[in-house]
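The chain below stands alone and is given as structure tokens, in the form predicted alone.
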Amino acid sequence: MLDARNVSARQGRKHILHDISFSAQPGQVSAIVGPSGAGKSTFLKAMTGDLAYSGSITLNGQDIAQARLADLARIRAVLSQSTPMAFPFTVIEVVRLGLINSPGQDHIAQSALARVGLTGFEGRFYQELSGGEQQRVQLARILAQVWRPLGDDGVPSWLFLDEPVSSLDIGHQLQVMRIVRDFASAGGGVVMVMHDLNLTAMSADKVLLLKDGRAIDQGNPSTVFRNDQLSHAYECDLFVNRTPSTYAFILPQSAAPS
């Protein structure tokens, strides 16, 4: 499991995270939500070992602060908000970068591209793609890195995703949500930063709500997504509705312009 306790972090002199505790289980999709500047991406970077912090974070029993990045790369893959590439790599070359745990197994790279709906894009140059296509190529790359959600030894792999649907149309957003759900259902763990509260309510098993670098609440979406709590976090009137299929959807209380 992922276990973060009393995590704080700074960037320069600015205190970004304040004493956050959070846990995530393999077999589940966990989402971190909150307004811009709440500390979501900073917390994700701490959990992946990419940012110094105080407190304690363990992943599958390993202390993140003490683990080598090469060792972490065997059990977790990270999708950043953006991954600029300076050289003219083809799509398949980008995805092959994820084969650090499966060198030479090109069929995994091909299967990962198929999983994100980009079969036939192998020979195209990455820089020639749209922003959404580039985002899906990067998702294929990290899927190739941890292709098996659960190893033969029973150790789960993890996906850490920072706004994985930010550049995608609704059809591809739903495709990505199916991918993360399938990964979790196969025994892996997923932790993702999300801005779309409706996709989060539909897809996540657990939600952590942040504001100003502090945890406001965490739990299943039906308990965390409440009118008063969301309105406070986002500083606007929000109204949580319910559907017969039980997941929530959130709308502005006053959607019409004044």
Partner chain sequence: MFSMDRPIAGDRSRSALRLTCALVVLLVLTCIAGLAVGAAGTSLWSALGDLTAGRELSLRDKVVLWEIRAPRVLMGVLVGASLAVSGAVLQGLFRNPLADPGIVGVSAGASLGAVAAIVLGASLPFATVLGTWLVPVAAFLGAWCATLLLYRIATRAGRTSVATMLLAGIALTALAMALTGLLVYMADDAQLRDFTFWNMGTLAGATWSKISVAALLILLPLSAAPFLASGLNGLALGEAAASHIGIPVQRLKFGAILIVAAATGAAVAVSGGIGFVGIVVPHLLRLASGPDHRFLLPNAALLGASLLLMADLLSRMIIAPAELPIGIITAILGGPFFLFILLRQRGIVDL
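Numbering follows the first chain given and starts at 1. From a predicted model like this one, the values you see are computed outputs, not experimental measurements.
The form predicted in complex with its partner chain exists for this protein as well; it is not shown, and the discussion that follows is about that form.
- A residue is said to contact a partner when one of its heavy atoms sits within 4.5 Å of a partner heavy atom; residue 86 meets this definition for its partner chain in the predicted complex.
- Heavy atoms of residue 93 reach within 4.5 Å of its partner chain in the predicted complex, making it an interface residue.
- Contact annotation: residue 136 falls outside 4.5 Å of its partner chain in the predicted complex, judged by heavy atom distances.
- A residue is said to contact a partner when one of its heavy atoms sits within 4.5 Å of a partner heavy atom; residue 123 meets this definition for its partner chain in the predicted complex.
- Just one listed stretch, out of 183 to 191, 137 to 145, 170 to 178, 151 to 159, contacts its partner chain in the predicted complex at the 4.5 Å heavy atom level, and that stretch is 137 to 145.
- Checked against its partner chain in the predicted complex, the candidates 205, 217, 212, 50 yield a single residue with a heavy atom inside 4.5 Å, and that residue is 50.
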